[in-house]
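In the block that follows, a single chain appears as structure tokens, in the form predicted on its own.
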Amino acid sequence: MSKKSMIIIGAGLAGLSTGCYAQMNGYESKIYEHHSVPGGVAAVWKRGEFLIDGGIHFLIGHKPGTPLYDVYSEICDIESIEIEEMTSYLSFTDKTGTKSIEFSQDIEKLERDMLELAPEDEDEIRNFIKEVKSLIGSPLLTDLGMSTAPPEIRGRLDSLKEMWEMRGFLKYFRGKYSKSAGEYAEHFQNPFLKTVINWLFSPSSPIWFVIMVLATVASGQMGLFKGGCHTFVRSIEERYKSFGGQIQYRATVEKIIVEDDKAVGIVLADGTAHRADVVVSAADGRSTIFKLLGGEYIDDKIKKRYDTWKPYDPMIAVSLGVSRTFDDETPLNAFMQKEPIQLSDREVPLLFLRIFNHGDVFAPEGKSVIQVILETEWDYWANLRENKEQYDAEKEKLAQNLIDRLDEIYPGIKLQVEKIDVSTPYTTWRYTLGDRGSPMGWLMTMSTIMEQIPRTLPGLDNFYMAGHWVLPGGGVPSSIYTGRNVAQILCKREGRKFRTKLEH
């Protein structure tokens, strides 16, 4: 009996994951990718002698003995990838440069430092640190609840099992720890600490997620790719191809072919049509549903989701190749600004800086790559791009503004800049076609994470979705798990055992 065929749209982490599990479970799959390389937003690029990493900021669950590590092992040679433990998550410095606090693995030291900075907030600080400590070593940190069954195959027992496993976590769905970081920050009196708590991840993210991040660092389960995020992506691509999977790059999908309410193939931008038994979109959710499928297969929930839910804001990244090193600096840094950064129609109060000092591939000896990341607006940059001269001028103006600000933090760096690279939301969209340049799909809020998003669409057979738009919060695990979910659903519907390795 011949194997069933599968078409996958997109070679990001979700598409590659879908392909790996499809091959493991008896499908002959082919991925069609808009860009010339795999990875989606997990991207790197060269600028002269510098390697710019614009992708994965950190990897959760990178050590053996965790559910996430086991899943990584299913789709790539994770043991061969060099990953450095992230001993410090983020360092904050105030406007004057005289106050700073580092969120490291040493939770006892963090508590002492917070108390020294804000003795007036002693009770709140001790309660906050208590919550972090309570999650250190918790299996929740290295599973994130993602191993539960997707909605299509979830049974009553699955729901009961999930509730039991999450029982220690239920307190975060009510009370002050269910609030956003911005709301929770108002519990603190100290202005500096209030700002720090607000911006530890994102003001809109639930504070319990911030607590989980700090507990993950303290558990030693957060890592950095020493060779860049493409080492991870390429390893998954190699595993997929070794399983017999195929990828066609520079292949932009224009339409999903539907016959009798069944997805049967795709049409590419070059006009060629390709057919398969199953079609999976691991691409942008909005364009998949409303463009490739013409908005024919939606219900009120889907319409409400795309009308009212907020995606992560797009980002602008200014990467600098500099002739100096930052050996002792934390990988992520936040510097509060005396004057906010003016970015389109918003004011940005902090300068977020990534320092690539965890590997020797990013820059030649004695040099470094540093990267300023700022949340911004899509419309501003998309409209500006219509006049390329004006667009380029605005990028140059922003880069010089940020270099001037960095020179106040690291005196002399202005004269040490050798290479400048500016990536805007339009850049992200151009290479990924992600909705409005969003890097991670739906923003994680209490309401979005409570909704189970199906991997299928109402009224459409033989079609599935994977990626950030079917699991709010984004990130590496969600991308990989949603690809895994597609194969789980298919196996369940066909009455076959779901496999996590290739059987010859």
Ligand SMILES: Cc1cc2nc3c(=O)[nH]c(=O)nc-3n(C[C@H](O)[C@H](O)[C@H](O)COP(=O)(O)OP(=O)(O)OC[C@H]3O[C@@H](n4cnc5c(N)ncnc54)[C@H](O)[C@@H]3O)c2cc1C
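Here the structure is a predicted model, which is why all the values come from computation and not from measurement. Sequential numbering from 1, following the sequence displayed.
Unshown form predicted together with this ligand; subsequent notes refer to it.
- Contact check for residue 283: a heavy atom falls within 4.5 Å of this ligand in the predicted bound form.
- Taking non-hydrogen atoms only, residue 83 never approaches this ligand to within 4.5 angstroms in the predicted bound form.
- In the predicted bound form, at least one heavy atom of residue 253 sits within 4.5 Å of a heavy atom of this ligand.
- Of the heavy atoms in residue 479, some are within 4.5 Å of this ligand in the predicted bound form.
- Remark: of stretches 110-118, 275-283, 342-350, 399-407, the one touching this ligand in the predicted bound form is 275-283 (heavy atom within 4.5 Å).
- A heavy atom within 4.5 Å of this ligand in the predicted bound form is found for exactly one of 432, 333, 216, 368: 432.
- The partner is not shown here, but in the predicted bound form the stretch 3-34 reaches within 4.5 angstroms of this ligand through a heavy atom at 9, 10, 11, 12, 13, 14, 15, 32, 33, 34.
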